[in-house]
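Coming up is one lone chain in structure tokens, specifically the form predicted on its own.
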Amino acid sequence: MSVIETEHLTKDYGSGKGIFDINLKIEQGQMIGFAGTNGSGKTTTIRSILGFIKPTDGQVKVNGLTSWEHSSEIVKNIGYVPGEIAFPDLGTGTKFLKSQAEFLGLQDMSYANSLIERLQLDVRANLKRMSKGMKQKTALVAALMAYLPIIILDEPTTGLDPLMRVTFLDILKEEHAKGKTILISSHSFEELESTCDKVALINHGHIVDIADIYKIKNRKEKEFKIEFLDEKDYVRFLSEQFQIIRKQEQYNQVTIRLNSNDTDKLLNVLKSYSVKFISEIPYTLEKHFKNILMNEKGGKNNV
């Protein structure tokens, strides 16, 4: 049984806004990402999973329980960071975290203190006066400190500086390694690619693709950009039996695509050429999704 499963999940707000026919399964221990622009449906999907929104059609189950009917029971097993953080009027971060610990029945605060130290969080600060980054850190500690089996994070790195993002992503990878089931939405393809097992692309309320990160990183096809020292070699190379996907005559450059097994063949051919440089063009999650969206539009993609 999946830990989280959506079946034809739809929340129709009218005028084409909402989410439509979302089908997603998240197994125990998987880390799944949501990618998409603002308004694409990421947050609506997450809130539906938590049981905060009643679906127009379809359903969501978490550990076999229907979210809308059993939300109060479901959220007890979920560490959650919302996209928009609003704290209760409890004064300091210390009081808030202690309140959360009492609510969760957590007596050992050693892991919470470890997170506070790693995230460089000043819990003595007043909640209402905290910066966006400090509020984000406080919410992250509250979500992770209780060893809950499911973690759901809606744009969790918003407000964090670049170094602190790295620290947080390291913490998240550690949580994943413990066997936690994690769902994270982010604008950053790089963040999702570095942490997740799979990433779902949501566009205009529909899941248009679910990318397997292992396959993205171990793609059979590779692309190389090659620049030759002179025009003569550039022209001669055009007659070689390689798939040329881009020409830049002014720079004596070509970009080719080939099967990864043919890399040695390419290098052997280039021994007879005067090459200024050769570089592999990485196939990234961002590039993969751009290709998907361009194909949906029926346009040509030169990314």
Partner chain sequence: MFSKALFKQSCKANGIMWAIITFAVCFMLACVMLISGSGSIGRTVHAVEDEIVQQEIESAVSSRAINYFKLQSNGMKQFDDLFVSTLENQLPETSQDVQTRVEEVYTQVSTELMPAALAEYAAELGYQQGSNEQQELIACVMSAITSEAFEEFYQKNNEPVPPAYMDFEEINSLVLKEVQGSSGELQKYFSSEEHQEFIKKRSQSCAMIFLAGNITAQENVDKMLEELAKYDISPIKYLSFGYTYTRIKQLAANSIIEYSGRFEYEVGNLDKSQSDYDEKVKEIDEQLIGDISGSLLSSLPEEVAQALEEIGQLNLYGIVVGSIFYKMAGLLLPIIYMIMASNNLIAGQVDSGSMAYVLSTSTKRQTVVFTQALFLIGSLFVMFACTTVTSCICLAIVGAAETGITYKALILLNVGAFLVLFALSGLCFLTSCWFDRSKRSMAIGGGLSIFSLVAAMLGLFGSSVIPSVLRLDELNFFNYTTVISLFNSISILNGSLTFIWQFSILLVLGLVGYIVGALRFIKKDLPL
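Quick caveat, the model's predicted, so the values are computed rather than measured. Residue numbers count along the first chain shown, from 1.
Although it is not shown, the form predicted together with its partner chain is what the next lines describe.
Novice: Which of Ala139, Ile152, Ala200, Leu172 has a heavy atom within 4.5 Å of its partner chain in the predicted bound form?
Specialist: In short, Ala139.
Novice: To verify the annotation, which of these, Gln107, Ser72, Ser131, Asn218, has a non-hydrogen atom within 4.5 Å of its partner chain in the predicted bound form?
Specialist: In short, Ser72.
Novice: Based on heavy atom distances of 4.5 Å or less, which listed stretch (252-260, 232-240, 274-282, 43-51) is in contact with its partner chain in the predicted bound form?
Specialist: The contacting stretch is 43-51.
Novice: Taking any heavy atom pair closer than or equal to 4.5 Å as contact, tell me whether Leu90 reaches its partner chain in the predicted bound form.
Specialist: Contact check for Leu90: yes, within 4.5 Å of its partner chain in the predicted bound form.
Novice: Residue-level question: is Asn113 within 4.5 Å of its partner chain in the predicted bound form, judged on heavy atoms?
Specialist: Asn113: no contact with its partner chain in the predicted bound form.
Novice: Could you confirm whether Tyr147 comes within 4.5 Å of its partner chain in the predicted bound form, counting heavy atoms only?
Specialist: Output for Tyr147 is no: heavy atoms all beyond 4.5 Å of its partner chain.
Novice: Do Glu84 and its partner chain come within 4.5 Å of each other in the predicted bound form, heavy atoms counted?
Specialist: Yes, contact at 4.5 Å.
Novice: Within 92-113, which residues have a heavy atom closer than or equal to 4.5 Å from its partner chain in the predicted bound form?
Specialist: If the 4.5 Å heavy-atom criterion is applied to its partner chain in the predicted bound form, 92-113 yields Phe96, Ser99, Gln100, Glu102, Phe103, Leu104.
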